[in-house]
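Below, in structure tokens: the form predicted on its own, a single chain.
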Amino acid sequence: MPISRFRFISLSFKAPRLTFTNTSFNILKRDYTTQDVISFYDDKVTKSARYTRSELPVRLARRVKALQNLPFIVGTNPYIKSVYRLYFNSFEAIRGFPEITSIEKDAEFAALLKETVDLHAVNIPTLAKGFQECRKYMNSEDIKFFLDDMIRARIGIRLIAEQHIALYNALHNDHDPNFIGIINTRMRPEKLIEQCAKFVHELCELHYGSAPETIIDGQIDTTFMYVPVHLEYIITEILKNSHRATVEYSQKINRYDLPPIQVTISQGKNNIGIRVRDQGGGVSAKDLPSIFDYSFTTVPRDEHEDHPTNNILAGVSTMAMQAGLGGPIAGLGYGLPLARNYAEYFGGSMHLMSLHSHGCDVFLYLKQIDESLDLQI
């Protein structure tokens, strides 16, 4: 059900409201494709800077309007209102930035983008906290629609901003020739998975006192053109769930030798597949339809209530949002739906298959970001 059916009355929201009196400013959707992201590199930063300066205000404005269209009592929640103010202020700052005609102006613009990215780093956990408090005022379908739209839009905004920042830095500093902005043209999934597995293993040991090993097999020499931080977040979230399930299920059935988690890599012509297999007891038939719902978690509620600081804001840390790092071994139900949004952003997919009382297989399919992919983002 579209969120647009919700409207504020004129005096309902005591925060700046976005209006468009200048007819030259259009917030309608404009085409921006994966090919644009790559082609900007050929023109150094000039084309990227000009496009970023014109495109970001459009996308930020749409986020402001989406937040304005929330029900009155939801929009006045302090967490959600703080996100609204951030988007509004960022829109004003970038829209008001003068035309970029010199290296000096581009340096100022890159600095503004970096500051904007940093300010918005905790938007999703902040929204999560807000919707946790307001969940009785909106049904789950409307919340899911809003959050899916907000998260996908946020991924696009960050992608455009961080791509230009990376291109600017590459022009003025030494950089890895395998990178086009934030896109690694020769990313090794096996190496990235190994790093994520090491991190999650240490996190699991810290939390539980033990952790399963991770075995990586299949076509481990695969190279792939992709955004590393996106895959890093996805893999880390999947592994966190697999590690927690394996340890807790082993404790439940008195299994002392933890079975390993198996990660298998396959490579197609312009895509890769990754399967993560665990023996963590699987997901019950009752819970399986909800596994990708926001706020769904199999962690007992009293485990969080016993530790007031272990809330969504702590559970989904800034680094967890952007790079797949940080946060406890189990959050409060935003990890998997966020991971699936990242997987689907460039036309990929993420599916979970469960064998109850045995374990889960998570299948990740990702498309390579090259000339074969031409998606609007």
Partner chain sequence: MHWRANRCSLKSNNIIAKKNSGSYFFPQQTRNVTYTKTPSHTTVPLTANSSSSTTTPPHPLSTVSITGLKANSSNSATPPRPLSTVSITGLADSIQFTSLQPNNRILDQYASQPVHTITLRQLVFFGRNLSEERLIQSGNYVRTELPIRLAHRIRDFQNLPFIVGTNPHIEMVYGLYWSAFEKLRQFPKINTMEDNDAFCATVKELLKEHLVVIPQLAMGMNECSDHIPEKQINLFMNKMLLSRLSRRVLAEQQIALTENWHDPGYCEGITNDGYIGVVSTRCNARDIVTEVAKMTRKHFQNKYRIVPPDVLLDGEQDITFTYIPEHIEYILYELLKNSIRGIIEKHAPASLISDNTTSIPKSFSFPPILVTICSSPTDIHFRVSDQGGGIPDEIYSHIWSFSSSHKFSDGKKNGYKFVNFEKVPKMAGTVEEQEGARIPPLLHLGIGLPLSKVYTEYWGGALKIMTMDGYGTDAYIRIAKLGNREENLL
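It should be emphasised that the depicted structure is a prediction, and the values quoted were computed from it without experimental measurement. Positions refer to the first chain, counted from 1.
Keep in mind that the form predicted together with its partner chain is not shown, yet the notes after this line are about it.
Listed range touching its partner chain, judged in the model of the complex by heavy atoms within 4.5 Å, from 240 to 248, 258 to 266, 72 to 80, 111 to 119: Among the listed stretches, the partner-contacting one is 258 to 266.
Contact at Gln219, Asn270 and Gly273 by its partner chain in the model of the complex, all three, heavy atom at most 4.5 Å: Affirmative, all three are within 4.5 Å.
Partner contact for Lys65 in the model of the complex: its partner chain, 4.5 angstroms, heavy atom: Output for Lys65 is no: heavy atoms all beyond 4.5 Å of its partner chain.
Partner contact for Arg277 in the model of the complex: its partner chain, 4.5 angstroms, heavy atom: The answer is yes: Arg277 has a heavy atom within 4.5 Å of its partner chain.
In the model of the complex: members of 344 to 368 within 4.5 Å of its partner chain, any heavy atom: Those in contact are His351, Met353, Ser354, Leu355, His356, Ser357, His358, Asp361, Phe363, Tyr365.
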